[in-house]
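Taking the form predicted alone, here's one chain by itself in structure tokens.
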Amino acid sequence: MPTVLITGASRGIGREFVRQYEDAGWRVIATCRDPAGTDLSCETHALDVTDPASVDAVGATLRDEAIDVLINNAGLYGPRDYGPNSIPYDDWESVLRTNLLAPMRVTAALMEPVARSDRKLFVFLSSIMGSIGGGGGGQYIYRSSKAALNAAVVALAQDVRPKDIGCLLLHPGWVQTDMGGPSAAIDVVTSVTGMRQVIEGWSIDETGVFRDYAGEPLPW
């Protein structure tokens, strides 16, 4: 059976990925900061994606595994109520560590297990708010973190392509989660169902693409 690893799996989109992949018969490896505080029934590992030692520990534990799909889901929105003259720079650094450095660090730590698998795919949850071509004002912190992630993953996709390892950037939509809020446009089931279909239909020729949960290409 194929194996998927999901970061930030204790709630929201991550937890729904766990549920759907379990229902589909995959081996699921879930990671979150406090597995003991969840009721996840699959294999779980403690992982703080912003802590290099924690990432290295999970990498060492799973170094002999084969991980077909690694979903970098863990993320942080950060502050919302600020303007150009009141940017909370410490929070900006924190969001960049979580949304940019962390998924790249997790990817590096688990490169060999993914390379050893049949599917060899890294998935990164991004956002349409990281699209420079998509426009929009405000929310500099979150927008810049996802734009930076997009740029890093496009470069990564080229570097790992010779090993037949692929990268896929996905916008989950505006989802009814703690981050998206109750008035968001879609629920987690709709979002994750769509993203799983995009993942399933992905091929190495599409490495580095940026798509939404319905499979539509998004502007950079």
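Note that residue numbering begins at 1 and tracks the sequence as displayed. All of these numbers come straight from a predicted model, not from anything done at the bench.
Just so you know, the form predicted together with a small molecule exists too; it's not on screen, but the next bit is about it.
- With the small molecule left out of view, the stretch that reaches within 4.5 Å of it through heavy atoms in the predicted bound form is, among 22-30, 164-172, 151-159, 61-69, 164-172.
- With a 4.5 Å cutoff on heavy atoms, T44 does not count as touching the small molecule in the predicted bound form; it lies far away.
- Proximity of V18 to the small molecule in the predicted bound form falls outside the 4.5 Å heavy atom cutoff.
- By the criterion of a heavy atom within 4.5 Å, F122 is excluded from the residues contacting the small molecule in the predicted bound form.
- Contact between L110 and the small molecule in the predicted bound form is not found at the 4.5 Å heavy atom cutoff.
- The contact with the small molecule in the predicted bound form, taken as any heavy atom within 4.5 Å, belongs to T98 out of S117, T98, S131, S144.
- Contact check at 4.5 Å (heavy atoms) against the small molecule in the predicted bound form: none of T3, I199 and T207 pass.
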